[in-house]
Ligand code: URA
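The chain that follows stands alone, in the form predicted on its own, written as C-alpha cells.
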Amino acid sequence: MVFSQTYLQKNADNLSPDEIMRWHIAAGVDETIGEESQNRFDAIQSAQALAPAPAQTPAPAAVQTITQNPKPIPDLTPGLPQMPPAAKANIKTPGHDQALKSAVKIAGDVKTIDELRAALEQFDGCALKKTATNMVFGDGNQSAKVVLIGDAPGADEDRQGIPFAGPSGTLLDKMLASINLSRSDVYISNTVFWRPPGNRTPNAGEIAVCQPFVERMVELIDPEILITVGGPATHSLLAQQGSVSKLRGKWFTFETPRMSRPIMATAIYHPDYLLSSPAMKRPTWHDLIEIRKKIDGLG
C-alpha cells in the first residue's frame, strides 16, 4: 500500500515504535514487505540469463512427434481423483481433520455464548488467527429472535473486533433500521472469526473449521429467523448452491442435531456488494420487507 510518510518524517524522533506501528495500522497497512519495492520480473530474467543453456541433444523420432503434437497430461496425483484447479485449492492441509474434530468437541461442550467466545479465544485450529489483529466474535442481543451471519471480517472489523464495522456496518445498520430493527434487537456474526489476509474470501477449510462454533452460536441463541448475508454464509449454512441473486427472496430451513426445531432462513446481499452495486438495493429492500413480515408473524 502506498501512503505519505510526511507525518512520520516530521515526528519520527518523538514517536515510540508502538506509536509508529499504530499509525501504520490506522493507515491501512496490513503487510510488511520491505523498505524498497522489488521488481520480481527483473530478478527472474536475471536468473534465467545466468543459467547455463541446456545441452542440445537430438531427441528420438517418437519424442519429436509427441512434442510437435502435444496432448493434455492427465492428473495422476497419487491418492487424489482428477479434479479442476479450483477444487484443488480447497484440499485440506495436514492437521485439518484433527482441528475440525477439536472444533466440534469444544463447541459442543460450551453452554453459553460467553463460554463460546472464551473457547474460541483459546482455539488455534484456524490459521487465520495467526495473521489477524483481533478475533471478531459477535455483536448484539444474545436472546434475539433474528441472527445474521455474514462472510468474513474485513479491515475495519479486524481493527475494532466487532462484525460489520466501517461503511459496510453503517449500511447494515440503516438496512435494519428500515424495518424497525437495531443491533440491540438482533445478533450478528460471520462464518469465520478472523480476517483473511488481504480481505480475500475465506476458503472451504477455514469455513469448515469455524462452522461448529457458528452452529453452536445459533443453537445457544435459539432464534426464530436466520439471515445469511452474502454468498459464503449462504452456501455453508444453508447448503444451497448458486449465486445470492438466485437464492435471495426464498425461504429455507436451518437445523442442527442439537436443535429442537428447524428455524426459518433466508439470504440477502452483503452490504459490501450493495455499496459497489447500488442498483441491487431495490431488490434488497423488498427482501427486508418480507423479513419484517415474517418477524411480525411470530407474534
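All residue numbers are counted from 1 along the displayed sequence. None of the values given here were measured: they were computed from a predicted structure.
Another form exists, predicted together with this ligand; not displayed. Remarks below refer to it.
This ligand in the model of the complex comes within 4.5 Å of no heavy atom belonging to residue 228. In the model of the complex, at least one heavy atom of residue 163 sits within 4.5 Å of this ligand. In the model of the complex, residue 154 approaches this ligand with a heavy atom inside 4.5 Å. Although the partner is absent from this view, residue 168 contacts this ligand in the model of the complex, with a non-hydrogen atom inside 4.5 angstroms. For this ligand in the model of the complex, the listed stretch (120-128, 143-151, 220-228, 96-104) containing residues with heavy atoms inside 4.5 Å is 143-151. For the partner-free chain shown, 270, 272 of 268-286 come within 4.5 angstroms of this ligand in the model of the complex, judged by any non-hydrogen atom.
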